[in-house]
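In structure tokens, the next block holds one chain alone, the form predicted on its own.
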């Protein structure tokens, strides 16, 4: 089984590792992009620290919006388990991706065991929710504000809850107001990429208003479970989320400067390490940037100096991944274990071939 190529030629894994390490060691501004499990993330960040690289996720733009809410403004959040046990009013904010709809259906088919009610009440904020299934034939009551987008609807909803005048009232507001008055624990579900930063900030403002008299919270459903797991791993390793750099020998966080896609487009990087065991592929090579790819592939990636074939986390090898259903990390056993190496093992091998005490890039 071929697992490594230099250019478009098959080679021994050890030779490919040495070549990739030499390219990385010779670079002056390396950048890493990854979409991998917790072990792969930890190995990538450790290697980035060794060589002074900046790193980002393959879904970096969406994750940056989600992390900005926590790092810039903060908010009130609850775990999925608390939603299952306590929430008697669920407000779904905007469109939810297919990956999270099973969770919503589960909430619709159950009742909280810590509050004596017959059924949860569901509302849908904004114009999203096309094809949303609640289960048992139930439908969420839509709260919309004419042609206003999600941000405008949330703003109008907050204003009406505070007793202020609005130019266009929110539809079904009286029903929402009555449900909110009797609810013991309202929870707003939101998906990080369904709204911009201002809309998410406005949502937290609405929660703060409600909490002055009763209580309410929000459940963050991440755009990418793997990406959110990597964000958490980066935070506990460096103190910062993704879009962090070791270029000056210590971790620095800047969501604009260390946006790897922007760095590559601006020609700031001379080496790009791409790591993904999914379907995502690296963008086209730009200028003189050297590209090394770790991917679930059976052939070399076009334009890559070195390609490594890796296994998929949780399929080809055991893994630790983030689960939005539990709100924490889960250990996953391989579905169909194979001989393909993991991203973490390749990255550790590359790190072993970087000279100890190597001079950091400028």
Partner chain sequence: MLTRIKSGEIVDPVNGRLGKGDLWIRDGEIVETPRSGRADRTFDASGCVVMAGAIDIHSHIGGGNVNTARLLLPEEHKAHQARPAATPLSNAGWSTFETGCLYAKMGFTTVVEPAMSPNAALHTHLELADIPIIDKATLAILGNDDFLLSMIRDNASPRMIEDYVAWTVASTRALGVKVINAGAAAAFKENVRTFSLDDVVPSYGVSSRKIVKTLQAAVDRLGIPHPLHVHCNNLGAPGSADTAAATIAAAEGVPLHLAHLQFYGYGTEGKRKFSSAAARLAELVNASPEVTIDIGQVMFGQTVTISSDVMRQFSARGTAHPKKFVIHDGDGNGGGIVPYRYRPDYYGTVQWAAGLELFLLITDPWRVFFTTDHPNGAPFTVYPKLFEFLMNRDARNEVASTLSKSALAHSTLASIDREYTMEEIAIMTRAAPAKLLGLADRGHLGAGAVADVSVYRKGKDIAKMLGRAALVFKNGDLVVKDGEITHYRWGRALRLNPPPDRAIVKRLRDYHEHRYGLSLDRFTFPDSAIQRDEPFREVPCRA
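Residue numbers count along the first chain shown, from 1. If you're wondering where the values come from, they're calculated on a predicted model, not measured in any experiment.
There is also a form predicted in complex with the partner chain; it is not shown, and the following applies to it.
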Exercise: residue 185 in contact with the partner chain in the predicted bound form, heavy atom 4.5 Å: yes
When the contact criterion is heavy atoms within 4.5 Å, does residue 253 count as touching the partner chain in the predicted bound form? yes
According to a 4.5 angstroms non-hydrogen atom cut-off, is residue 237 in contact with the partner chain in the predicted bound form? yes
Since only the chain is shown here, I'm wondering whether residue 98 would be in contact with the partner chain in the predicted bound form (any heavy atom pair within 4.5 Å). no
Taking the partner chain in the predicted bound form as the reference, which of 119, 261, 79, 105 has a non-hydrogen atom within 4.5 Å? 79
Residue within 4.5 Å of the partner chain in the predicted bound form by heavy atom, from 138, 142, 175, 86, is 86
Only one of these stretches, 291 to 299, 54 to 62, 305 to 313, 38 to 46, has heavy atoms within 4.5 Å of the partner chain in the predicted bound form; which one is it? 38 to 46
Using a 4.5 Å cut-off on heavy atoms, what residues in 208 to 226 are near the partner chain in the predicted bound form? 211, 212, 213, 214, 215, 217
